[in-house]
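We begin with a single chain expressed as C-alpha cells, specifically the form predicted alone.
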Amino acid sequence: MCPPTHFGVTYSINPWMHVGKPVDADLAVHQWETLRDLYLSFGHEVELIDPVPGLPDMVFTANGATVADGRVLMAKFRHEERAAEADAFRAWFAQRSFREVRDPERINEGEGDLLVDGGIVLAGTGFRTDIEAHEEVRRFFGRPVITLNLADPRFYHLDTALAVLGHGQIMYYPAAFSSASRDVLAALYPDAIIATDADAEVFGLNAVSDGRNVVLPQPATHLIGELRKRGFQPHGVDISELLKAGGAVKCCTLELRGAKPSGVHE
C-alpha cells in the first residue's frame, strides 16, 4: 500500500476523474488509514511504499505490478501521467527478496487488469492493458490466462468489474464485458455473485478478499448481502474520496503472493 500523501485529481484519464473537483486530502488519508487498519485487524501484514511527489495516483498500488509464486511482472502504464510510477515500484521490488522481477514488453497495468484466481489468471483488455500482454503473462507465470474484453469505459480496468473471492468464486458485473466474455465467465463461474448496476456504479467490485473477509465500498449493499449468504464476512468501508480518481479498495491494494519481503511494514 502507498499512503495518499500527494493524492489529488490533477488530470483526467478515466471517466471518473474531473479536474477541478474538490478533493479533501485529509479525508482521503483517513479513509486509506481505515482500510490499512482493517487489514491489520485481520492479521495481515501491510508493506508500504513511499509516495512520490507529483504522482497523485501512486496510492493505487494494485496497478504497479502482478505478483504470484514470489515472481513479479512489473507494470507498464498506458498514460504518460502515470508512467513514472513504474520506476518507483521497480525500485521497491528490487530491494526485496522476490524470486524474479521482470519488466514487461507490452503495456499491462498490473492487478488492475490481471487477477489471479488459484492456478489461472483472469486478464482484462479493451482500455488499458494490451491483449498481447496476456501471452507475456502466460509465459512468465506459467499459468493459463483467460482473456476478458471490457466494453464499458466506466469500468476501464478488470478490477472495477470483477473481484476474485477465492475458492474458485468471483463476483462480477456482466454489462461491463463483451458478449463473448460474458459467455466465458458464465461457463467458468456458473455460481458467481452478480452485481447490480448500483453495486458497480459505487465500485463495489473493486474489492479485496482473503477467502473469508471481503473488503468493499460500503454503498454496495446488494453485494454485501449476497456475500453474507455465501458465508463470507463482508466489511464495508468509506472510500469516497479516492473514488473521485476512479479507484477504491482493490486499487489501493497490491497482493504479494508467494513471498515475504522484508521492508517497511505495519
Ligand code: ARG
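Here the structure is a predicted model, which means the values were calculated and not measured. Counting begins at 1, following the sequence as shown.
Separately, the form predicted together with the ligand exists; it is not shown, and the next lines address it.
Give a yes or no for Asn14: in the predicted bound form, does one of its heavy atoms lie within 4.5 Å of a heavy atom belonging to the ligand? Residue-level check for Asn14: yes, a contact with the ligand.
Would Leu205 sit within 4.5 Å of the ligand in the predicted bound form, counting heavy atoms only? Outside the cut-off, so no.
Should Tyr156 be counted as a contact of the ligand in the predicted bound form, where contact means heavy atoms within 4.5 Å? So Tyr156 counts as contacting the ligand.
Contact flag, Gly112 vs the ligand in the predicted bound form, heavy atom cut 4.5 Å: So Gly112 counts as contacting the ligand.
Which of 226-234, 31-39, 61-69, 212-220 has heavy atoms within 4.5 Å of the ligand in the predicted bound form? So the stretch in question is 61-69.
Going through 221-258 from first to last, which residues have a non-hydrogen atom within 4.5 Å of the ligand in the predicted bound form? Residues within 4.5 Å: Ala245, Gly246, Gly247, Cys251.
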